[in-house]
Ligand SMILES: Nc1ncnc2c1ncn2[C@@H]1O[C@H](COP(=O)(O)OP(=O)(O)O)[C@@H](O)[C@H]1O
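Here you get one chain, nothing else, as structure tokens; it is the form predicted on its own.
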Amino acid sequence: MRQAGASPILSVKNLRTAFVTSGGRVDAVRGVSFDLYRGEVLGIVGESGSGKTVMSTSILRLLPSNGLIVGGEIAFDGIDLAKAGTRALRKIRGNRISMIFQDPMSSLNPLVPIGAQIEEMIIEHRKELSMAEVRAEALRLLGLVRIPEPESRYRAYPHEFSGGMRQRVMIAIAIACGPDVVIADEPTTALDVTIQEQILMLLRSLRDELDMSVIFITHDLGVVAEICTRVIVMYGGRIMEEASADDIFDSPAHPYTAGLLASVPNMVLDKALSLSSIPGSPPDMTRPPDGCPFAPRCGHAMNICQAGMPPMYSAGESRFSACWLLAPEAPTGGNSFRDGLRHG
């Protein structure tokens, strides 16, 4: 987890990613900056279309052919991944930074036994190992991700595994080379609640055992509460808020974050509180707004919110919010959300 004075293991600065489509250019990520520290689980949360998955795939340059990074820096171990060549990227993908995708059935090869698929990653990056050592390592990884009877499951095919077990295989592949960073893109979305909890527990234990950092992409605030130490909230391709997981749930510092929390059932909170949805629709990213992308849906918006995007204002210790309500010159009184921020 983040320590005072520690240097980030990964630093993203002003990242901008776009797609060229028949309907025009889509600006999916618009100036995203954050740091990731060793041993922490950083949650990236937001509605579908907020830019969180595009941001994560940009880190490893796994964008489709019509996607491109149009600006910014992705600093990792002295290398700018946004500009790195193919040879440098191959040494990092799957080795130093790996990814767990949402749907293992579309990521695993249905015609290849799972043991061979784990071995493929090991062979690619750990060429000093003999084939006997590669097999032993694959079996060790199956045990590490809590797959029972690794010897007998080693030759099984993906369709012979349950959804949760297939996701464990994906995790085994992701950690095969002892990466510094694992990016988990909605890894529990297709799983039932019981299996979801098992996968989260597994990721937490592996984070501790392997001293790795995790970027956890999700739209599920319940998952954020379970596993994340720090949270970034995205909307319209931008970061709206960054804070510890506790601060996000206890006192959100952006109206969008507050709206997300109000739309999710919470058995801990007052059961008499009714759920509410956020009115309106996400912005059209072929014509992204100049101002705060959430302004048209925000019940606290001011004229300035439409005119320009606010900077990240401090909202307390190690927490920030891109909201004009936090500007020093913002008028006091008469706005319940702003007054709560300043006196909460």
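Sequential numbering from 1, following the sequence displayed. Quantities reported herein were computed from a predicted structural model and do not represent experimental measurements.
One more form of this protein exists, namely the form predicted in complex with this ligand; it is left out here, but the text below deals with it.
Participant: Residues Glu137, Ile147 and Ser162 are flagged as a possible site; in the predicted bound form, is every one of them within 4.5 Å of this ligand by some non-hydrogen atom?
Facilitator: Spot residues vs this ligand: no contact at all.
Participant: Please tell me which of Ala315, Val41, Val26, Val32 lies within 4.5 Å of this ligand in the predicted bound form, judged by heavy atoms.
Facilitator: Contact residue from the list: Val26.
Participant: Taking this ligand as it sits in the predicted bound form, is Gly280 near enough to touch it, meaning that at least one heavy atom pair lies within 4.5 angstroms?
Facilitator: Contact check for Gly280: no, nothing within 4.5 Å of this ligand in the predicted bound form.
Participant: Is Met285 close enough to touch this ligand in the predicted bound form, meaning at least one heavy atom pair within 4.5 Å?
Facilitator: Yes.
Participant: When the contact criterion is heavy atoms within 4.5 Å, does Thr53 count as touching this ligand in the predicted bound form?
Facilitator: So Thr53 counts as contacting this ligand.
Participant: Does Thr21 reach this ligand in the predicted bound form if we count a contact as any heavy atom within 4.5 Å?
Facilitator: Yes, Thr21 lies within 4.5 Å of this ligand in the predicted bound form.
Participant: Which residues, if any, of 54-70 lie within 4.5 Å of this ligand in the predicted bound form when only heavy atoms count?
Facilitator: Result: Val54, Pro64, Asn66.
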